[in-house]
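Only one chain is shown below, in structure tokens, and it's the form predicted on its own.
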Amino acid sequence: MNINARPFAYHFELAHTALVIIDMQRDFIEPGGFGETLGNNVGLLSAIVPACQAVLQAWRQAGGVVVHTRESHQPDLSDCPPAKRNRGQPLLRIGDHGPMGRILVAGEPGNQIIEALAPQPGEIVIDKPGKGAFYATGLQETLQQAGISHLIFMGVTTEVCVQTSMREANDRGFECLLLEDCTESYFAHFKAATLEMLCAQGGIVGWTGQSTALLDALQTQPPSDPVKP
């Protein structure tokens, strides 16, 4: 399938492509979570949920591989170095108790993916201690075993965990597309700059495009059984 994208059309085969949804967690998107403790307007991030839902539903119907990531840490914070925990001036730091449990700690209510995009049985869920989806996880091996060569990204935030994951993927040889209307930042100019950087110089990191182009392409794809990860 070909879809319109920047800097030129993005070609992929469904059987060898995974939809990667980065960190659509309550801690980042809902009031009372880590994102809000940093002083951010979480409504900016929640605004992309309908577009993400539409893509996820269409991808599932087409039978594509789905990957969800969660930024999360062990309860003893042994995988959260001080260089990460001490950054910024949040009202609550990673591991502190907030309205939805301990901030960014595995198993806590706020660490879960929002209900609108909740994983279904059989979908891949990656708990990552860093910003990138490949650092200290088995994601690369999982994708290789599934025969995946192409990745379509959406999620938050554009300039941090999404960009880091896409750059990691590019270094590992994956062909990557970021859906512009299915990613967001707390800062509009950060998102705009990131999109330009990713597809600059002939797609030095990858492609960017609109979800409508992907949805149009998927409509031409006959429904199939889910691809086994």
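Numbering starts at 1 and runs along the sequence shown. Computed from a predicted structure; not experimentally measured.
Here the subject shifts to the form predicted in complex with a small molecule, a form of this protein not shown in this document.
Ile103, Leu143, Ala133, Val156 - the one with a heavy atom within 4.5 Å of the small molecule in the model of the complex: Of Ile103, Leu143, Ala133, Val156, the residue with a heavy atom within 4.5 Å of the small molecule in the model of the complex is Val156.
Ala51, Cys199, Ala62, Val160: which sits within 4.5 Å of the small molecule in the model of the complex by any heavy atom? Among Ala51, Cys199, Ala62, Val160, a heavy atom within 4.5 Å of the small molecule in the model of the complex occurs only for Val160.
Would Ala192 count as touching the small molecule in the model of the complex under a 4.5 Å heavy atom rule? Looking in the model of the complex, residue contacts with the small molecule do not include Ala192, since no heavy atom lies within 4.5 Å.
At the 4.5 Å heavy atom threshold, is Leu38 in contact with the small molecule in the model of the complex? Answer yes; at least one heavy atom of Leu38 falls within 4.5 Å of the small molecule in the model of the complex.
Contact of Phe174 with the small molecule in the model of the complex (heavy atom, 4.5 Å): No, Phe174 stays farther than 4.5 Å from the small molecule in the model of the complex.
May I ask whether Asp23, Phe28 and Tyr186 all come within 4.5 angstroms of the small molecule in the model of the complex, judged by heavy atoms? So, yes: the whole triplet contacts the small molecule.
Sort through 175-183, 160-168, 54-62, 200-208 and report the only stretch with a non-hydrogen atom within 4.5 Å of the small molecule in the model of the complex. Single hit among the candidates: 160-168.
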